[in-house]
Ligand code: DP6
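So this first bit is one chain, no partners, the form predicted on its own, shown in structure tokens.
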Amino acid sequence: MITASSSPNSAWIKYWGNRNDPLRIPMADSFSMSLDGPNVEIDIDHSPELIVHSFNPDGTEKILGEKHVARFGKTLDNVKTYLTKLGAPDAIPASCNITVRSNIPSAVGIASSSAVFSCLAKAIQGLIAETYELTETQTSVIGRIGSGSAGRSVHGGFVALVAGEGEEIDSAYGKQFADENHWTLHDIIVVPTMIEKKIGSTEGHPTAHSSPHYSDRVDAIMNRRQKECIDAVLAKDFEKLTYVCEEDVLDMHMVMQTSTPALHYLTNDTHRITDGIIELRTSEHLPVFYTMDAGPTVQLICTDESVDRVREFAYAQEGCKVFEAKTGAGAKIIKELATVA
């Protein structure tokens, strides 16, 4: 049995829309910072049939619906296809027994699936190590197969999901541009509601192409925005990073809101928080920017210089739950136990 651990990432150039939905091959590159929490742990072992157990942050078992169990099954099927391509068709001979212990509320916009499926990918890497030694890039492909953004969380630090070309299963992969020691940034995560969103990202991605603004979004990312974000990170240019990240998040939500059906993830609380942080950074000249995934949750990215003031602002938001994270090391194996016959 192998136990792995991983955490979400904070997406700055957003992944939205695929050129191949079943394999989660994105239309455009994306970029994120891997976080050091909240974490997910997964135990995995060989099994003659698929078994999936999931536990909530309070330790109680979460009853998984048929759709969620099927997602794990489909992911493993696609992983087997990928391993066959790599020349290791029998690395997972039957199926797996998977236990998920998550400290992340699901479906509230803090990338729980990126943590779960990057963790699963790392656990699979450990499980099959004696049969086939996966590289970190190959492990990122396995993460992406389960959840597109998980291809980034396999790596630590500052990571791109490279869209690549074509529709081969390994066309898109995670690529680290700087590790977690390059630049310590903080992510103060403000969650206005713990109610799960009605339309998850997996269901939302296929709608992207219906927006009249989507092709312009893809062009902007591939021709300018991705490079600007990477350059800003490598240069530790927080002002430039603020501009490009806020530009991209607003652009993504415009695409969502003009798709069919329209997806309105942002709420009045979201706008209250973002308006408040803009006012705070202007009046006090603080290095902080906001970003949101597919949900109302606001992530406040800031430096050591401003983290105390941003934290104070976050905890003052009425009715909100706050998580704190910073630049993290990505997915890792934390325990290896021999299988008992």
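Start at 1 and count along the sequence shown; that's the residue number. The model shown is predicted, which means the values in this text are computed figures rather than measured ones.
The form predicted in complex with this ligand is left out here; the points below concern that form.
For this ligand in the predicted complex, the listed stretch (225 to 233, 197 to 205, 76 to 84, 168 to 176) containing residues with heavy atoms inside 4.5 Å is 197 to 205. For the three residues D36, K326 and A329, a heavy atom within 4.5 Å of this ligand turns up in the predicted complex in no case. A single residue from the set I42, A294, C302, A314 has any heavy atom within 4.5 angstroms of this ligand in the predicted complex; that residue is A294.
Of the heavy atoms in G148, some are within 4.5 Å of this ligand in the predicted complex.
Contact check for R71: a heavy atom falls within 4.5 Å of this ligand in the predicted complex. In the predicted complex, no heavy atom of Q125 sits within 4.5 Å of this ligand.
This ligand in the predicted complex comes within 4.5 Å of no heavy atom belonging to T139.
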